[in-house]
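Just the one chain here, laid out as structure tokens, in the form predicted alone.
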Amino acid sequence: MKKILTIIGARPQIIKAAALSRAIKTKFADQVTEIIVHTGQHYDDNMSEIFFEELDIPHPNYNLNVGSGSHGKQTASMIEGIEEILLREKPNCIVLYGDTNSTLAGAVAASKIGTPIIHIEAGLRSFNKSMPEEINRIMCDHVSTLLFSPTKAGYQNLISEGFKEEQQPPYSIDHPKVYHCGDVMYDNSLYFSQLADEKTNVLEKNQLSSGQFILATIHRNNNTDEPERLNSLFSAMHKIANANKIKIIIPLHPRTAKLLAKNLSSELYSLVKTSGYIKIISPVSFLEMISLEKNALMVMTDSGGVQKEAFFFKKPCIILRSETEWIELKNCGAAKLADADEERIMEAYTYFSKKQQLEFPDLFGNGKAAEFICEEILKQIN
């Protein structure tokens, strides 16, 4: 029986981990024991509990409850807690997702004591090292033993950084193996799509009709905390909504919602608050988010995960950042980079609203990435 230790710390990681936990439960229960550690990096009792119940994820065996703080303080607390658990549990490997401080902390703790690291979502690059996430993902990749990239571009990034394509076992931190395996989030979107239709009423609750609204999400600090960028984003959305008489629904974290009053100009804030077309709501559950994505006309977002989910459900996406790790979406024409540039956002909306046919090629695997990852862990990790 192999023991794996899974680290989660933010809502997207809880969702990603659901795919692997589901694969273990349905296909590998007699071969794999999973220990789940929640760092508490982003922790809200209500939201996290909803996620675990809604997605049928095993509850964490440990919660470090580190809370928010500076990058250094938060990461240091997590390294200390994860190291103690690794020494106590002695797993065969540690599984890390994505690019958060929890990912970095797990990578540092495990690599220092010789626990093999499995990195899911390896090889993604924005080529912008001013992003903390870019530092986290690079550091994690370069101490991992098995690296699972969801895309060909991610795989090629790893090869460009010196990882060997024809590496032979046994694999180790000094002799790692890289894979192009497909995306666990695609696994999840396929699995939860029908469930979203059955279990949510988010459209009815918000008086939305399928194909008659735009879904927008904004959460990155440089968008929420910089008044100039936030004003550009909301000015563009207000003009698009009013000129085209189309609703824009924006699930906003309470912190971000409070920043609107502080960072938007008084005139724009008043226009947004009184608009009949812009609807700001509280954060939604994962299934509600899937329902919104499936039924939206278009998506505007600064979230990497939402960019992909828009693609999974064949929705054009306006990316509210200057770069994206998911370059395939831009290259195939399904997404456009607009940054927080009012004019570019409006141009992207006009382009997609007039475009009759978009291509959504098969980029993210066959929906069985988690099963493949489990099989390789069993095969390659002692």
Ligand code: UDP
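All residue numbers are counted from 1 along the displayed sequence. All figures in this text were calculated on a predicted structure; none of them were measured in a lab.
Omitted here: the form predicted together with ligand UDP. The next part is about that form.
*Asks:* Work out which of the listed stretches, 299-307, 112-120, 175-183, 139-147, brings a heavy atom within 4.5 angstroms of ligand UDP in the predicted complex.
*Replies:* So the stretch in question is 299-307.
*Asks:* Would Pro91 sit within 4.5 Å of ligand UDP in the predicted complex, counting heavy atoms only?
*Replies:* No, Pro91 sits far enough from ligand UDP in the predicted complex that none of its heavy atoms falls within 4.5 Å.
*Asks:* Phe286 versus ligand UDP, in the predicted complex: is there a non-hydrogen atom within 4.5 Å?
*Replies:* Close contact exists here: in the predicted complex, Phe286 approaches ligand UDP to within 4.5 Å, heavy atoms only.
*Asks:* Whether Arg229 contacts ligand UDP in the predicted complex should be assessed with a 4.5 Å heavy atom distance threshold; does it?
*Replies:* Because no heavy atom of Arg229 falls inside 4.5 Å of ligand UDP in the predicted complex, the answer is no.
*Asks:* Please tell me whether any heavy atom belonging to Ile15 falls inside 4.5 Å of a heavy atom of ligand UDP, as the geometry stands in the predicted complex.
*Replies:* Ile15: yes, in contact with ligand UDP in the predicted complex.
*Asks:* Among the candidate residues Lys294, Arg220, Lys239, Lys279, which is the single one with a non-hydrogen atom no more than 4.5 Å from ligand UDP in the predicted complex?
*Replies:* Of the candidates Lys294, Arg220, Lys239, Lys279, Arg220 is the one lying within 4.5 Å of ligand UDP in the predicted complex.
*Asks:* What residues in 238-253 sit within 4.5 Å of ligand UDP in the predicted complex, counting heavy atoms only?
*Replies:* The stretch 238-253, when checked against ligand UDP in the predicted complex, contributes Pro251, His253 at the 4.5 Å heavy-atom cut-off.
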